[in-house]
Every structure is written in C-alpha cells, then in structure tokens.
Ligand SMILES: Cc1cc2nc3c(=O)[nH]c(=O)nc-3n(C[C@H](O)[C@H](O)[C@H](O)COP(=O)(O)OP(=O)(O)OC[C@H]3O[C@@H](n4cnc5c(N)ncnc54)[C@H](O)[C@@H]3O)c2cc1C
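Next up is one chain by itself, shown in structure tokens, the form predicted alone.
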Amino acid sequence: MTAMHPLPSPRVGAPGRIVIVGHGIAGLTAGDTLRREGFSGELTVIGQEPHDPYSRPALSKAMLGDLSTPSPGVVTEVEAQYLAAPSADATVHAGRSAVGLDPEARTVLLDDGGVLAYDGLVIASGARARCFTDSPDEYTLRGLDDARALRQRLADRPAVTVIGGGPLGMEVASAAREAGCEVTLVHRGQPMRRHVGDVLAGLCTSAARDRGLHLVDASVTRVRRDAPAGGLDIELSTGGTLRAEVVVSAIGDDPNDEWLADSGLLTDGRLLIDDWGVVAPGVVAAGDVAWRRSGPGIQRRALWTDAIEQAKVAAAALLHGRSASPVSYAPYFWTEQFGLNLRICGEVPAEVTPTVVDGDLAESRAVLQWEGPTQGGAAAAVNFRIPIPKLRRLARPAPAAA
C-alpha cells in the first residue's frame, strides 16, 4: 500500500494524551524527552515484552559473558540514565502489543481488545529477528528471553554454527568460543567489512581465527531440520552442507509494522519518517521500525544511538512541530568480540586506509581516523580508552583553512 498524503508538520499545541507504542530505548527516550520538553499530560506506554526495560546491546555482550558466573544484569551505568523513564511517570501496559491503528479516530487497538485514544502518538515498535526455521535448535538474539535461552544452551558446550558475520554474529561467536564451544561462522565475504571497513574487518577476522573460530565463506540457501537425529543441516551457496547441533541466526531483522497495515501510514510498505521523525499529523516514529531518506535512498539502521537520537527529535517535534531542530548526528556503535573492544563514530569508508592518530594497530590498541568521501568522516578506538565526545570530534574534523 502506498500512502498518498505528504508528510506534513504534526499538530502544534499541547496534546493532553500521548501514547508511545514500544518500551525499548526509542520509546523510553521519547517519553523522557516529552517530560523534559514540558509535557505534563497523560502518557501511556505499550510494551510487548513483560520485562522491565533493559539494555538490548548488553544481551550479546554482558549477558553472554562468563558462563561460570550467575546471569549478569543487562543495564550498565552509562545506559541507566535512559532506562529510568518514562515508566516512573507513565501508565505502562507491559506484555501487550498494538495490533491496529486508526489515525482518523486517533485510537490504538491492543491485542487484548483494549482501545487507547491519543492526541499524539509515538511509534517505536522496534523490529524482530529473522530466522530460517521454527526449530528449537535455531536461536536468535533480539530480546531478554532469547539471551537467557541461548546462555543456558551454550553452557552445555554444543557445537555451534553462527549464520551472519556482522557485529551481532561475531559477538555471539566470540561468547560461544569463550564458553568452550566449537564454533563455525558462515558469512559471504569478510565478516564485519560492511560495518567497519577493510582494515578493522581484517583485525576482527584475525583475532577470531586466533581464538579458534572456523570461518566459512558462503551464503546460506536453506536450513533443514533433521527430526530423527536432531540438529540442523545448513545448505550453502557453494553446494556443501554443514551439520550443527545449534544454529544462531544473526541475519538481520524486520520492522514490527504489521499493525500499521491498514492505517494508511505506510509508504510502499515502509514507515517513512522525515528529518523530524514525522509520519503524519500527530504521529511521529523512531528507532528500528522507521525508515528515513538518506542521500538518494531510504535507510533503516538498527543502532542504539540512532534510536536515541531519532526519539529525541521526534518527541520534540510532536510538541513543537518543525520549529524543533531536525535530526543531525554521527552514527556511533561499539562491539566487543575476540578480545577486541571497538568503538566507532561516523560512516567508515570501506576501502580507505585510516590514519593512526594514537597507539599501534599492530598491537591491537589504536585510535584511527578516516576522511570520508563527503562531509565528515569516521573515527574508531581499538582497545583504547578515549572519551566518546573526543571520538566524535575526530570523526568530524574541522574544515581546512581556505
């Protein structure tokens, strides 16, 4: 379905009732921003999971850490500031999902038959992990329950095959190796290259091999259950087949936007936002569910900082319209894998060799800087303590004097 309306400014004024669909970091940040911006009306949050808010990035880091210790918490001191609100100052419907939206009536339909009226709506319903089968031997890592189940399974030291060589796949593979599992990772091309460029991808791959990871350069065409024997057969684009006791699929996600199918808000099947997070009058969106124009194309990027920055702007726009500042930030993410702690700010140009600003890359401890093909660049810290604001400044160096 293609939306026929443009993306107008939201209704300016002080809405009395705001509903936030989504209790992850985008929804939480939106709620916190609304209160900070002076909204004192009724705030209602719909959260699909029954759990209290938690740090999703920590699931593949702290949560899958040392399996000899009790299951650690999933909130770090830095992240805790985002996870304190809006639950303390909102009505939260935990364990509930939105299943429909009527923008004309300004109502959200819940899976228990309940209907919530709103003056302003924040769509932050997130995304769900993709998988190949419904087998109990195939795991994904998207939510807290996923992490708990995978952590328990890894404690048995099974043979693990990870499908997907992005940050999540590599982090899971690293945790499985630390747990003593035999681990194979299947990925077409060099793992991590699309996210961190040639130089750092080479560093990650070398560290992974040094720690016993077996890499298979192929894509997966099919995963089959073997009911009598248990486990899964993984068919490869190269014609071979791998046998695995446990498969962890880290092959991306799909936005949770089915509940918007009849709303008229989807553009070519996508929830498209502008630079203020606006979807339609009185409706804004942020986080993994939202698509945004980027250059000549449309992009949906599932990063923690994207969700935070988009939610801040969207919440402000819901109250103040386009008099609020539009979204403007450099992407940032971090990953911990195979003895490497990488923090990256900006868009890394894959084939450009970075400048070593400090440290020594041969010792896996360095600060790197890239000059991008357009305005701005990128910077990274490898096993190097550096304040994030300084890393951001390195990613956007001052323009050269005329």
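The structure presented is a predicted model; accordingly, all values stated were derived computationally and were not measured. Residue positions are given as counts along the sequence shown, with the first one as 1.
Unshown form predicted together with this ligand; subsequent notes refer to it.
- The chain is drawn here without this ligand; in the predicted bound form, the stretch among 35 to 43, 362 to 370, 343 to 351, 22 to 30 whose residues come within 4.5 Å of it by any heavy atom is 22 to 30.
- When you look in the predicted bound form, the only residue of V283, A175, M192, A307 with a non-hydrogen atom within 4.5 Å of this ligand is A307.
- Checking T221, S97, T91, S135 against this ligand in the predicted bound form, a heavy atom within 4.5 Å turns up for just one residue: S97.
- Interface residue remark: L141 is counted as part of the site for this ligand in the predicted bound form, having a heavy atom within 4.5 Å.
- Residue contact check for A124: one or more of its heavy atoms lie within 4.5 Å of this ligand in the predicted bound form.
- This ligand in the predicted bound form is not approached by S249, whose heavy atoms all lie more than 4.5 angstroms from it.
- Not displayed here, this ligand is kept clear of G277 by more than 4.5 Å at the level of heavy atoms in the predicted bound form.
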